[in-house]
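Only one chain is included here, represented as structure tokens and corresponding to the form predicted alone.
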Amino acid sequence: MNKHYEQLLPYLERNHAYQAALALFSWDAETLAPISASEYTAKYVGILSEEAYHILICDEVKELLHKLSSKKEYDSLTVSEQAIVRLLQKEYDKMSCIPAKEYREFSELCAAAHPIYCRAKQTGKFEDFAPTLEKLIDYTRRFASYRAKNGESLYNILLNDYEEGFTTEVLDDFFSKVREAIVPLLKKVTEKNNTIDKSYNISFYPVDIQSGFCRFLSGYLGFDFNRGVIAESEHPFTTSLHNHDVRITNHYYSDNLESSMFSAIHETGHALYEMGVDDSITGTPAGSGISMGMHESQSRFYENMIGRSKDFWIPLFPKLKETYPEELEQVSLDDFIAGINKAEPGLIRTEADELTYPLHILIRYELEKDIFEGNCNIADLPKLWAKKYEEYLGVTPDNDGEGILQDIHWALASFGYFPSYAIGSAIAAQLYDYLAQRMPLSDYLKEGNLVPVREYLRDHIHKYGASYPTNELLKQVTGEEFNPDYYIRYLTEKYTTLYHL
């Protein structure tokens, strides 16, 4: 092993230990912690964040990175080691320009913002969260400005943190294609919405029974309960301390069968990615998914391409009917498949069907871009949100809880994250097209055999963690870089067929 790389490892291990502790605090805050604990816990989060900051942002790490960046030393590293050095350098460049005191203040603000956001969402009052949101945006804008070079767009800097290379220029082109294809298609589909009945979805489904079936679904897909746990939270999510401790959450509605089932499938897709990371790189900067877009591609692949297909439910539907014998007594497999794929404009992103989903992301992308380009005031966001929902989806929120406060991302200062959902959906379609042509995917699903799919994704994507950039990894797997045409074609063909257009 390169001696300078070996000298770097203790810093990586110490930093990851702090990051794991912070992840546990975050997990606890959203699952079990009492709400009154937040003010005190925020202080501890701030202290741990500052300590983690100092472990990496120091002269010793700076010097080691400088030595490892020379061509001779860099070329002596393995592919994974090169990725770790490259990613650490990116993180160092990002963090070293932020004063430690400001970083700690920001970390405390993020921890304190969560309960404020939750209360505002419950009451549906954006004005209760707006002052906190404005502070989060100010910090984010300031930190991005520290990194800006030669008039670089602040929003591009934020986007690059989640999806390297996917600038506003790339995304403007992508979302333009989505808008031009999906908006008119949705109008045609909406006119025929009454041809699909999914009233079964809003019967009474006891939460404990839902929880049991969702646990079964996660295991069916390959979730390893020896290395993972499932809890309940307001907003379903996945977190990973390392590849042997991966945690997912779900949320249950007693009058909505689909919500928790597809959240379970979605989050399990994320978990399989994290569990599939090779042991040799877990706990390092390369020990997680390469990007949020690639991560979302795995969850959306399982949730939509697999989880909403008839083939997937052929072996599962009898068990679902046994679980809810009265509620689904008159529902056939074909009725169910049509129902879970029905496209209907709605207000809530996480409950959106495949066709309307990218429009939810388009709205958030346009608003975030306006925020960081200085084209809107924070106080005006609820009105702008409602206007865009009316324009693209033909619906308007009755309150801020089902409008601008529905997502937790801004309360976490995760600005630039949202486009990754749409990127991930597009990558999922690209992967699905590739796999369907190279393995008997339909037969595997009808047999209830998810192993070949899971193993293929693990061997070609998951085990590498963040060793390769998104486009490079995608090209290794499919032979081409990001191509949204597969996504547009997938949605167009699927909904044209489903609604007999």
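Start at 1 with the first residue shown and count on from there. Everything quoted here is computed from the prediction, not taken from an experiment.
What comes next is about the form predicted in complex with another copy of the chain, which does not appear here.
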Problem set entry | 145, 356 and 380 each touching another copy of the chain in the model of the complex (heavy atom, 4.5 Å) | no
Problem set entry | Proximity to another copy of the chain in the model of the complex (heavy atom, within 4.5 Å), stretch among 428-436, 61-69, 460-468, 37-45 | 37-45
For this session: Consider the chain as shown here, without its partner, and state which of 115, 236, 276, 283 has a heavy atom within 4.5 Å of another copy of the chain in the model of the complex.
Result: 283
Problem set entry | Contacting member of 91, 351, 161, 245, with respect to another copy of the chain in the model of the complex [4.5 Å, heavy atom] | 245
Exercise. Would residue 24 sit within 4.5 Å of another copy of the chain in the model of the complex, counting heavy atoms only?
Worked result: yes
Exercise. Does residue 32 reach another copy of the chain in the model of the complex if we count a contact as any heavy atom within 4.5 Å?
Worked result: yes
Exercise. Taking heavy atoms and a 4.5 Å cut-off, does residue 20 contact another copy of the chain in the model of the complex?
Worked result: yes
Exercise. If you check in the model of the complex, is residue 141 within 4.5 Å of another copy of the chain, heavy atoms only?
Worked result: no
For this session: Give, in sequence order, every residue of 195-209 that has a heavy atom within 4.5 Å of another copy of the chain in the model of the complex, or say none if there are no such residues.
Result: none
